[in-house]
Every structure is written in C-alpha cells, then in structure tokens.
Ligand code: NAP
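Here you get one chain, nothing else, as structure tokens; it is the form predicted alone.
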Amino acid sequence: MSAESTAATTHSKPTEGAHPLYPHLLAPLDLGHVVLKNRVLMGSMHVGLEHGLGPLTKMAAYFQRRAEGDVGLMVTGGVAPNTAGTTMPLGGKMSNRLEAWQHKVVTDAVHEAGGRIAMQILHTGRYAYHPFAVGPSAVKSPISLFKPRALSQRGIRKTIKDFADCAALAQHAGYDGVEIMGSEGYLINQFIATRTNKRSDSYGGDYDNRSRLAVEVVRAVRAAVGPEFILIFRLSMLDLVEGGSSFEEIVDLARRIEAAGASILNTGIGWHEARVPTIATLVPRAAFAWVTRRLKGEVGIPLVTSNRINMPDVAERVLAGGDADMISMARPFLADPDWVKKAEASRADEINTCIACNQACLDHIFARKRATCLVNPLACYETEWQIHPVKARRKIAVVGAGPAGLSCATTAAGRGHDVTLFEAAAQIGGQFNMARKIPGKQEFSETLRYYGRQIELTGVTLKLDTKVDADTLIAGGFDAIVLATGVSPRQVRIAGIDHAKVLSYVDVLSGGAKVGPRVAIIGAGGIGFDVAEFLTDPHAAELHGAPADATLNPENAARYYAEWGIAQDPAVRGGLTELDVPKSPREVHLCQRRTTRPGAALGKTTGWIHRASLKNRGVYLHVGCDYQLIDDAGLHLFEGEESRLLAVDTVVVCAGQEPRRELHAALTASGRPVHLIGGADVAGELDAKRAIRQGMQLATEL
C-alpha cells in the first residue's frame, strides 16, 4: 500500500478533539506529501473566467474569496492541454509559458488566503464546439455541431505529451495539483466507451486497449510533475449511457490509475449527453454516494464522491457511513463561499444553500455568459461588486417578503440601514412558497430558511400579516420605500372564464383547491410545467411543502432511480435500466397559444428534464391553441385549424402574471422616494434570479 493510501486509511476515523457536529467532514486528510485541512473539495466548474487576455484577475478574486472560506482543496474549471481540446474557439488553454503566467495571479491569491488549488486539465474531444474537434473515432456528438476527426496514433502520442506539458506548466504557474478529467463523456472517457471508440488498433477493441489512453496520460503527468504534486483523476463510475463501462472494468481502471500515480480518485456521474438528470434540484441529495462506496476497498487512495451534496449534515452522513473519503461540491460554493467556515462555527443555519436550479450557473455557461448564482448574485463578480457598510443610516421600508424584498431588506439592513419589512401573508417567501411545493423543488425551502435567519442576524423589523397602505407608509417617515409587492395571475379573456371549474395556479398551489381527474392547463411556460408536474405526480401530496431534506428519504430516492432508469445493480453496464414511471393520477392537457415547442423558454440545462418528465407521465401537449369557450363539457378550442373539445373537469389558468403596484401612484404623488423591484417592476415569468439580484443591487445603492 502506498504512503498516500496508508495515510488516508489512518485518518478515516475522527480523532480526539474532532468537531462535535462534523467530525469526519472537518478532519484533515493526509495524502502523504501534503495534508488537506478538511475533507471538502470545491469541485471543478466552468464559470466563464478561465480565459482572456492578460492575468486572470477576476478568476483570482473568485477563488481567493472561496479560499478565505477554508475549503480544503479547490479545482478550477477545465483548461485544455491544446487547441483541439478547448471547449470553444479561444477557450481556456495552457500550452505555453504565457498562458501559465496568466494563471499565476490565481495561485498567488489562493495561497495568500491560505488555500490550495488544483487545475483541471480537460480535453473536450468530440464535445468541442469548434471545427478542430478530435476523438477516438469520427463519431459526432449530439451536443455539438462539429463531427470530430479521429486521432491518429501519432496524434494520440502528441495528446499524451500535451497533457503532461500542461500539468508541468500548471505546476510552474503555482498550482498545488491537477485534476485529469476522465469522465462526463470528454476525450478520455470517449476512448474508454464502445459507443464512441470504434478503433481497431492498440487504442481500441478490448477494454485494456480502450482504457490505455487514461493510464498513459496519468503516468506521463506523474512523470512530468514529480511525486509531491497532487494528481486527481476524475473517473466515470456511472456512465448512464448505452455502451458504458461495466463495474468490473471501472474497478480495473481505478487500480491501474492508482498504480500509474494518482493521489485521489474523484467520482464522475453521467455523460453530458445522458438523458438522466444528475445535478438538477429534483435529484435527491447525495443520490450517487452509493456509486463511490462500491469502489471502497478496491483501491488504497482516497475516494471523492459528488453530486447534490449541499449541506454539512448530508456531507457528514456520507463520510461517516463510509461512502467516501472526501466530498466534492461545486455550485454550493457559488451560493456561499463561507460554507466551510459556517460549518466550522456550527452555524449551518446561516448557509446560503445551493438549490440546484442551474439558472444562473450552468444555463449562463451554455449561453456563453459568465456564471453567477441565483441565490448569490455576487458570485463571479467579486472585482466589480462589493457590499460596504453605510456611511449614513437611513430608515427604509420594504413592502413584500418575496425573493426580491427579502434580498433587498436583508442586504440593506446588513449594511447598517434601519429596515422594516412588511408582508401581508403569515410567512415570508412570496412566490417561493408555491415553488417549493412542486415535487423536486423542496430545496427552495432552504432559501427561505436562509433569509429567515438573515432577518434575525441583520436586525430587520419584520411585520407579518400586515397589509400596509400608502398613508401608513407616508406617515412612517421613511427615507426610501421599496415596493416588492410581486404579481397577480393575469386575467384571460375566454368565454366561460368564470365557470366553477376554472382555477388559477395560485388556487392549486397555495389554496389547496380540489382538482378533478381530467385537467386542461392554459399556458405552457414555467408555471404551466410546474403545475403539470404537481398534478401528475402521485406522491405530490406527501411532498407538498416538505422540507428540503425530505429527499434523503430512501423511498424518494428509489422513486427517482426508477423513474429515470438508473440501475444500482453493478452487473448492469453503464448503469441504465428500463424506466418505471409512476402512473399519473390525472389526465392532463398542457396548452399554449404559440406554435413553438412547449417549454422552449425553460432553462437550457433543465428544460429537457421537465419535457421528458411530462412526456413519460403521458401529458398531452397542444400548441397553436385558440381558446373558444369553457363550459360544463370542458374546454373548447381550435388547435391550428382543427376544432377540439377537451372534456376536462378542471381548467387551470397559468397564462402569465401582472405586476401589483396598488401603492405606487399614491406614494409617488407624495414625493417619497419609491423603488419597484421584482415582479412589481417586471412581471413576466416568475424570475427569482432577476428579483434577488435586483433587490441586492438596489440595497447597495440606497
């Protein structure tokens, strides 16, 4: 057994003086040549800061802020070893001294903050979004326009050298290690799988040949960087695609990767083209820890588990149960850079939890925009946007405790203002109180828990059950009034709209209205999809308003595996099995006026999940609808040129929203400074990303 594996085994149990709540999570990890201060790995994630001209100062500030939060080890977004491996033209690359110099500011900033950082070396292979893409074979990817060129043996040897040179340059740039990306369907993974490797030479055919590139890359990198440099290999332990690896093959490769010189094995789950959600909010917490556990005992080096672990108690449970030696989290550190510090101080209730919405991180990256975070708009904007204490304390009223109002009130109070937050309902949350009732969106409860705690910590005066009027606000002597009063469902003009069978989405999600067995939903935007999922999930009632950690329930996890065809049997190659979709308790018709694909405006990285889910549950989709009449018989409409009757018992209207601005005119007339934010400013689809950012931005300006 190597020094690294011996050290990892020695420190697998909590020692004397361990943290009372998180003894495993906050224990050091000895790799033999270096000791990590805890078992937390900030996993690799593209944020759009990995490339540019000159020193990467924005990337440096981003990682320095996380290093200040006591993360044990961080990994950058993927950096290509050569031009062919870049994600897109002019994408992040390290193949010369100039490119290494650009990163020196990053490593210096991290080390000044007392942190450690590794650079991920990622060759995209056939996933590259440019015409220079290469792969083991000329097999086009479904997520890129470009068909790759098959690498020759000479090209393979050059690629191996490029990986080694890239690692040496990373070491020269001051990185503490590198992570070799061998999973998620990128180049190394493409060589391993038969679905993408059609070669007949020494890099194709049987598994030994197909996995040869992975082993040779690790061996070459270790030779280039020496024995005291952290070398992580990200191994695809569950491909979730046809033609994926068997468990026996994964074990064999893990052992050979260890022998070739890896310090740590990280877990990769699913290819990017897999039709299985693996990181979205509907995925139960720690849903794939069992995958890493299967490899325990097969290798001696530390194993890292990943995917949907976002709170310290979950991470501790995974480590204490022996599923892994270390926890990888990426997006949770977008949401809260002080995640570890708060755990160390036993203040987990103050963590701004990642809700796995993907709206501001992955969706931004796929749109070629800089990533940030829905619940933390400061993420990736550390050099451009800071929140400073006020120079002059002001008295501020915020009306409405939805996402926009909560963001504004707590940020302003945190700066030192005297803030009163008025809310007509009996609880904070606004539209989030409906969102968290959708099966798979229980994580939204965490955001409300966070803001509830921030109200206490920042000293916001909260007045619930208070429908404040303009006269009271005018008489209150406020220096500024912020209206975050939200939205109301848009009224639609259809004959029979007042029929007893017509409900709004608010009636269904908040009012608990009775819904019949046959339903038509008018409006196929985000709210329409949410209502459809709520009405077709046979377990919606038991999850209605359940806390976020309800997803840890083994029964809920089992439903997720069954509905998306995830096999836990190690004998199943690639980890895919037949779908076992629960029968919907209702017949549901989702209708829209537009002729475009329903859900076209949903997030790029999650929209396909919602469409697939409703398709699997048998939801009928109708486009180009011209609504004529609602009566006892149902909903009469034209679908294109065809006249149809949807014989339904209930019609749910999800046709958009209108801003609520009842107080605005009177307050403006009084001469008081009045600001509109969130839905009260722009109704549109419910947009928590814009609402939270707008609330925070206004609070920094007040």
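In case it trips you up, residue 1 is the first one in the sequence shown, and so on. Just so you know, these numbers come straight off a predicted model, no measurement behind them.
The same protein also exists as the form predicted in complex with the ligand; that form is not shown, yet it is the one meant from here on.
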{"item": "4.5 Å heavy atom contact, Leu637 to the ligand in the predicted complex", "value": "no"}
{"item": "Close approach of Cys654 to the ligand in the predicted complex, 4.5 Å, heavy atom", "value": "yes"}
{"item": "Exercise: Arg453 in contact with the ligand in the predicted complex, heavy atom 4.5 Å", "value": "no"}
{"item": "In the predicted complex, Thr107 touching the ligand (heavy atom, 4.5 Å)", "value": "no"}
{"item": "Non-hydrogen atom within 4.5 angstroms of the ligand in the predicted complex for each of Val492, Arg594 and Tyr627", "value": "yes"}
{"item": "Options 586-594, 553-561, 191-199, 166-174; stretch whose heavy atom lies within 4.5 Å of the ligand in the predicted complex", "value": "586-594"}
{"item": "In the predicted complex, the one of Leu235, Ala524, Val340, Ala520 near the ligand [non-hydrogen atom within 4.5 angstroms]", "value": "Ala524"}
{"item": "Asp530, Asp323, Glu184, Glu316 - the one with a heavy atom within 4.5 Å of the ligand in the predicted complex", "value": "Asp530"}
{"item": "Stretch 607-624 - residues with a heavy atom within 4.5 Å of the ligand in the predicted complex", "value": "His610"}
